[in-house]
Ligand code: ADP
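As structure tokens, one chain now follows by itself in the form predicted on its own.
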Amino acid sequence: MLSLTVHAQTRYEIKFIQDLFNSDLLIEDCKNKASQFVIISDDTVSALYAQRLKNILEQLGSPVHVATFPPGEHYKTRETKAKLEEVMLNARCTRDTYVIALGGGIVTDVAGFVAATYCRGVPVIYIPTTLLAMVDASIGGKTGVNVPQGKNLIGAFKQPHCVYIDVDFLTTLPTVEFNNGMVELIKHALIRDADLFAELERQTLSLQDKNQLEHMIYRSCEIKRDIVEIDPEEKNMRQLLNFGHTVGHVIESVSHYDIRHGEAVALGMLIECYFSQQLGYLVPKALARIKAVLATYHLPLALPDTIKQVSWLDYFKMDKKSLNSQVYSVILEDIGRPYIAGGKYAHLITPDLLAEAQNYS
């Protein structure tokens, strides 16, 4: 079994395991640790896996509750969080309750936020079921919900007790969602590992090749782990992980979440590469390579006209990554090499350059 240890505020392990539901690992890790368990999932994932997980946890002799909400960014809200908390309050959950997040990135974000605040903090275990959650959302401790003013503006840092990654969960994942998850893996290569990017160029990952998929997920998790350990609360180096997200979150908000997260981040990466070119760093050949890899996974390479027609500036000013209403972005010098100057990992983007980028195609 592969595993990664994360030393970020609270030490925890990311464990790669095949056939999680038929192993004893979960039972061993949770034995004598909780008075109750609360499985938080969305309705789609719950229908597939929640009962199996509940049956396993009930072997420990503690009550197990399942709390669900509808899938999608539209339900990643304070209202959803309150409803989940009501389930826990009505079950008389106390501080020795374990929350288990079973699902994709939306589930881990919401469940993690619930765990961060319920009784001022209870342990949370992540069982990510999408590629996006495996390589990004379940690692690093960011949790939160969306509000009309922007994405993830309300939240907290909460490190999980443990993360279990089982690539078998991906067998039920639609291809479009697999491709959305690939965006985060590509991002990690672009900011940190030129060799990983070259590997992505040589071989198209698929759900059929589980061994190669696990290898790539492991390396992606390693990259994020290494950055998060140095800067767990995004004071400096962790800003690199926002590559593609500064613009991508705005695209999501402008589209009212009709554009998927991965697609928005893919567009965000391209626009932030445009910033990099206009500022005199990234060469056209590198951008062509990036576009080719994104195209392999059928990700968008041009902004929809509807996104171009809406003013972005107010959305940028409300983004949590903005400082004094000014927009900062990660800039690439080359594939695998971000531009870092004066200890700064994100750099000022002028309103004129933002306006130019909005017409990107």
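Sequential numbering from 1, following the sequence displayed. Since this is a predicted model, take the numbers as computed values, not measurements.
Form predicted together with this ligand: not shown, discussed below.
Visitor: Identify, from the list Gly280, Pro174, Pro148, Gly121, the residue with a heavy atom within 4.5 Å of this ligand in the predicted complex.
Guide: By the 4.5 Å heavy-atom cutoff, the listed residue in contact is Pro174.
Visitor: Here the chain is shown alone; which of Leu303, Leu294, Ala34, Val45 has a heavy atom within 4.5 Å of this ligand in the predicted complex?
Guide: Checked against the cut-off, the match is Val45.
Visitor: Please check if Tyr49 has a heavy atom lying within 4.5 Å of any heavy atom of this ligand in the predicted complex.
Guide: Tyr49: contacts this ligand in the predicted complex.
Visitor: So in the predicted complex, is this ligand close enough to Pro160 to count as touching (4.5 Å, heavy atoms)?
Guide: So Pro160 does not count as contacting this ligand.
Visitor: Although the partner isn't part of this model, could you tell me whether Gly105 comes within 4.5 Å of this ligand in the predicted complex, counting any heavy atom of the residue?
Guide: Yes, Gly105 lies within 4.5 Å of this ligand in the predicted complex.
Visitor: Against this ligand in the predicted complex, would Phe169 count as a contact residue? Criterion: heavy atoms within 4.5 Å.
Guide: Yes - in the predicted complex, heavy atoms of Phe169 and this ligand come within 4.5 Å of each other.
Visitor: Based on heavy atom distances of at most 4.5 Å to this ligand in the predicted complex, which listed stretch, 226 to 234, 125 to 133, 194 to 202, 240 to 248, is the contact stretch?
Guide: Of the stretches listed, the one contacting the partner is 125 to 133.
Visitor: Determine the residues of 179 to 201 with a heavy atom within 4.5 Å of this ligand in the predicted complex and present them in sequence order; the list may be empty.
Guide: Only a single residue, Asn180, comes within 4.5 Å of the partner.
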